[in-house]
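Let's start with one chain on its own, the form predicted alone, as structure tokens.
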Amino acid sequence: MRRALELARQAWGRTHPNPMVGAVITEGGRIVAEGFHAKAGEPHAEVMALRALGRKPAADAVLHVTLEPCCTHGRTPPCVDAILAAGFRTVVVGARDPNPAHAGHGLDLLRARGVAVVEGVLGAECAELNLIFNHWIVRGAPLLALKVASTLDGKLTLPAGQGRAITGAAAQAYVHRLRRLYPAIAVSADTALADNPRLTARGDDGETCPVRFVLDRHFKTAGRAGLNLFQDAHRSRTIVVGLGSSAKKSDLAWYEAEGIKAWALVGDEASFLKVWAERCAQEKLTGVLIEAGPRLASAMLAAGSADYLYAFVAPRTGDPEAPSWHDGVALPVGGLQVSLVGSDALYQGSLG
């Protein structure tokens, strides 16, 4: 199952709205074939493993798969049918299908046909792999993940003369991996104007660009042609989001002329984040990584708008005049995980 998880992660961020899934076939306790789901619309992991095997599995063959095999026909046929046709007598599963309408049904179908099913092997790891998919399937809404990089005293800026990067190289590389995972990234207009970020995912395997949101309630970024988000090769993937009541025709015309999308939402200050999330759902964006400054972070926490938290904490103190990113708001983090990323700590878990 650990090898199946490694295989699943090879499709990191490329399967939306589908989950990442890996599959391994063993015979006599030895791996003889492997497969993973590479992209939505392409064959599922179980089928890819069978294709890699290229023959009928042996009588003692075992299929190990990170997620319960599908039992309904979507863009591809049900994997349960392929498993039964191949003649597997034992299937080992990591996590159940999170869809309440399907959960366990595929396993029941296999058991009804005499297949021995072992489930829950590395179940927590297999479920965690598809955090975004699970949230989308269960709630029909995008996973809004709040990401901050702070000092020990909760500040997002350093004292004058100490530079701008709070966390070290390992944490920064981790954030680029998160950017590759999420289908969209968001920053506030204040962050866009102050930091001029690129919001692309950069690593050893090149650069990718998710959908990039600028949360700009009053469209104050209109006319700022020098921003990276407005002038780079990926500017068509930038969306400025504001309130329709604040939208001037001249501002919207400027964005259009620059090849930048603008969403003028119907709502008010209090409902802005909620209406934006609803529009994301309509656009089938399953998850958004929100790289927040102190105002946006505290506003999302106070409104209960964030579903998940990635809080990187560096072993240093910040600007004593800067506000705290959580502004005294209680953080009810469920399933809290704490890990070291280089010299920095990462606290992550569900909010709510």
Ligand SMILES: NC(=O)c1ccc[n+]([C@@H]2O[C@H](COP(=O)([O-])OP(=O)(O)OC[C@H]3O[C@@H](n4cnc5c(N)ncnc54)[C@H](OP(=O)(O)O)[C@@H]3O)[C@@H](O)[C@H]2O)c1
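What you are looking at is a predicted structure, and each value in this text was computed from that prediction instead of being measured. For every residue, the number given is its place in the sequence shown, counted from 1.
Another form exists, predicted together with this ligand; not displayed. Remarks below refer to it.
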- Task: Look at the candidate spot formed by S188, D195 and R295 and say whether this ligand comes within 4.5 Å of a heavy atom in all three of them in the predicted complex.
- Result: yes
- Query: Can you say which of 23 to 31, 286 to 294, 37 to 45, 57 to 65 gets within 4.5 Å of this ligand in the predicted complex, counting heavy atoms only?
  - Reply: 286 to 294
- Message: Is it the case that H218, even though its partner is missing from this view, gets within 4.5 Å of this ligand in the predicted complex, heavy atoms only?
- Response: yes
- At the 4.5 Å heavy atom threshold, is R212 in contact with this ligand in the predicted complex? no
- A299, heavy atom within 4.5 angstroms of this ligand in the predicted complex: yes
- Does the 4.5 Å heavy atom contact test between H135 and this ligand in the predicted complex come out positive? no
- Among A201, V148, A95, A184, which has at least one heavy atom within 4.5 Å of this ligand in the predicted complex? V148
- Go through A262, L156, C280, L229 and name the one with a heavy atom inside 4.5 Å of this ligand in the predicted complex. L156
